[in-house]
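Single chain ahead, by itself, as structure tokens, in the form predicted on its own.
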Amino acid sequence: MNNVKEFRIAVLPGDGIGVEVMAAAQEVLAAAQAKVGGFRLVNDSHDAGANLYREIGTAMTEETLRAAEAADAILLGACGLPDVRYPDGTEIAPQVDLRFHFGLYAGVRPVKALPGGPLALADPRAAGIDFVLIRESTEGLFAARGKGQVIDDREARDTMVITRPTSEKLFDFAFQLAARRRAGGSAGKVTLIDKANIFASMAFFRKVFDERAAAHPEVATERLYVDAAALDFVRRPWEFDVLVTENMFGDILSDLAAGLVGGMGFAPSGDIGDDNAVFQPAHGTAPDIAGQGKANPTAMIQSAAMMLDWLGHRHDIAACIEAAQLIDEAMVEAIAKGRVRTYDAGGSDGTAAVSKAVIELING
């Protein structure tokens, strides 16, 4: 028992289908933990999100924030409801609050076509889509959150913020990821997405990128304006490896990218900083299907696997990395062999059916 590494996980199920997919992911994590051994997850669950805000006037209590600070990682379900908003008209989004609080500058969005899974493009090369979009998650246009101005009910202003320290960390993260992926057989290329031909902030963003690229000559680079990138996400997505961009551009492009490989139910993510990380599906709370057992838990399960992988590399615990791989392989096999097909992919398998199939494959 002394050789078992214990990790405390702050679990925030959130709203709507967040609660359902979180339960499925917890079951899968427990199965992988039991199968591999060598580590133990201690879950510390807390309410957060729109329902909590509606009840007590805050989306996340100080107690929950302190628990998140004390945790080794944060596992988050979807948060927010379209009919619950702050006085300024914006939605409740504790996931964004956590990014700012912990300085989680690297929003990591893996985009990978699953064998046998749904694809938006008919081109056979689409089966080879496998890239990672890194969205800066604390600055850009999102820096204006809560600070926007509405002047005399005649104009509104939000401000873009790009800083050198955050940009340097973001780009180094992207280059390091590309180098690791190249060791695994990927292209080892970083594509910068900006609008440097129009905005001074984006020209500065590119300037810092070029400087950091010079420090990583082993990694190939490419630069695209965001409009051209949107075009190429449809025209040649199989050519991308690691992409890095500003917060708002990343928010938009990551949804487009998810659409290429089946939709938001297949879109895991992690927001990673120097010392903390939050892992969550990139989708919303889908109140229209909440409570019906129809939600696709794939993104939540894969986000949980990303958490294990991050913990394993951060703490040098091979068992965590092995468990993450086991979950990913089981998820791929469940879809590739037709054991499950979710509602959003044209099938009739709900949340419980997916987690059951994945757990059965984990257990062998």
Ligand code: ATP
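Predicted model, so just to flag it, every value in this text is computed and none were measured. Quick note: we count residues from 1 along the sequence shown, nothing fancier.
Missing here is the form predicted in complex with adenosine-5'-triphosphate; even so, the following discussion is about that form.
Colleague: Taking 109, 111 and 129 as the candidate spot, are all three within 4.5 angstroms of adenosine-5'-triphosphate in the predicted bound form by heavy atoms?
Modeller: Not a single residue of the candidate spot has a heavy atom within 4.5 Å of adenosine-5'-triphosphate in the predicted bound form.
Colleague: Counting only non-hydrogen atoms, which stretch in 282-290, 163-171, 145-153, 220-228 is within 4.5 Å of adenosine-5'-triphosphate in the predicted bound form?
Modeller: Only one stretch qualifies here: 282-290.
Colleague: Going by heavy atom distances of 4.5 angstroms or less, which of 96, 196, 260, 264 would be at the interface with adenosine-5'-triphosphate in the predicted bound form?
Modeller: Here the answer is residue option 264.
Colleague: Does residue 304 reach adenosine-5'-triphosphate in the predicted bound form, with heavy atoms at most 4.5 Å apart?
Modeller: Residue-level check for residue 304: no, no contact with adenosine-5'-triphosphate.
Colleague: How about residue 25: is it within 4.5 Å of adenosine-5'-triphosphate in the predicted bound form, going by heavy atoms?
Modeller: Outside the cut-off, so no.
Colleague: Classify residue 295 as contacting or not contacting adenosine-5'-triphosphate in the predicted bound form by the rule of any non-hydrogen atom within 4.5 angstroms, answering yes or no.
Modeller: Looking in the predicted bound form, residue contacts with adenosine-5'-triphosphate include residue 295, since a heavy atom lies within 4.5 Å.
Colleague: Heavy atom within 4.5 Å of adenosine-5'-triphosphate in the predicted bound form: which residues of 327-355 meet that condition, in order?
Modeller: The one in contact is 344.
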